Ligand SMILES: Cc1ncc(COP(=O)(O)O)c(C=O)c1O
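First, one chain by itself in structure tokens, the form predicted on its own.
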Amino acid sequence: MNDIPAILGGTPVLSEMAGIVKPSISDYTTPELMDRIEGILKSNMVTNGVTVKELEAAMADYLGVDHLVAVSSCTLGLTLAIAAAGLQGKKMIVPSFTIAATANAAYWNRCEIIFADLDLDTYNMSLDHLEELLVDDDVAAIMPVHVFGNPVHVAEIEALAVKHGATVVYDAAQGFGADYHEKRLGNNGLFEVFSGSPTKHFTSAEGGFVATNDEKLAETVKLARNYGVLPNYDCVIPGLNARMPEINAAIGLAILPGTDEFTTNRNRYAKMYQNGLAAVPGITFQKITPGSYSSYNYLGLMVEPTEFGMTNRDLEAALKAENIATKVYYHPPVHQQTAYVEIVGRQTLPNTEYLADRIICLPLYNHMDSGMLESICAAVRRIHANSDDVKKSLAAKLASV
């Protein structure tokens, strides 16, 4: 490999495009799994049956929680759990640096959404800003997000919640397998909801999982995921169709045993990235909350343009020429998205906007070839070393459009 970036005519560091994520579903598509799926289809019992119950029990055991309810998506899990908690129509604090689904779950419960700024080290909800927002005595709930699988400051957030009489519930979509003070996520607040979508390190192809130690909440979510109807078809609460298909549960059961290996690998790969880019000016990585173990569902870092020599968007374009896919999560942040500007109004969250303008996520998989990872680091280094020429090339391409 020469020192000329591909965007300037050099040879790409990778011969084929490396995606930002690589689900492990194909690795676990074994004859045993296919036999189980065939059995499900032949049984005609394809939704919310014995396989779902088996997965719920296995995941509850893995997390060390009393109850786990499988649903069709994390978004619906959050939506149903918020309703089951009696938080409909209440004021709820949520971060803006997240996927819109976090806020959507609050919106569909008619909650008054209050956006919180973030901490630039951890990318998670800012404790200082949270405390400022809790001056409003009408705030009923706080819904932090474990961004990229990095646990939030649970103890501090829950202490603030107790002080101000608020309930804490968690969007833990990316945090399955992560630990906070040597205890798995899933045990915090009133509930935590995980995602099983294909972009997650643990996946059931699609799905969501409500983890809680509150029996009443779990039973309410179970009822609500099936329209809220009793066996005699009497609708006792207004629910939804949020049932998990048996095939998704079978996929989840097949992949679940690999979770600890996935998170171990991802932490090792993250360290390799950090070491490989340590000498590059203007690159800083997400810092893991003290006392925590991240699932590293994504690998996030900031690109400081004045030090690195170009913006995150410039780096994104230059890496694409190297056959390296990246993702700018989350831009725009939710408080700047069209729907929520209309709902909440325009507001400024300085740290969130600062990070959103500098963030970039690099490829990170459950099983990743070290040679690929080293090539990605080498590509970033040579792009930085040729930053002036890369910027000129990108500007010329833009001008010719």
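Note that the structure is a prediction, hence the values are computed from the model and not measured. Residue numbers here begin at 1 and follow the sequence given.
Not on display, but discussed next: the form predicted in complex with the named molecule.
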Partner contact check in the predicted bound form: of 271-279, 193-201, 288-296, 310-318, the stretch with a heavy atom within 4.5 Å of the named molecule is 193-201
From the list 75, 150, 263, 212, which entry has a heavy atom within 4.5 Å of the named molecule in the predicted bound form?
75
Which of these residues, 101, 256, 154, 127, gets a heavy atom within 4.5 Å of the named molecule in the predicted bound form?
101
The named molecule contact in the predicted bound form: residue 221, any heavy atom under 4.5 Å:
no
Does any heavy atom of residue 174 come within 4.5 Å of a heavy atom of the named molecule in the predicted bound form?
yes
Within a 4.5 Å heavy atom cut-off, is residue 207 in contact with the named molecule in the predicted bound form?
yes
Would residue 330 show up as a contact with the named molecule in the predicted bound form if we use heavy atoms at 4.5 Å?
yes
So which bits of 141-170 sit within 4.5 Å of the named molecule in the predicted bound form, heavy atoms only?
145
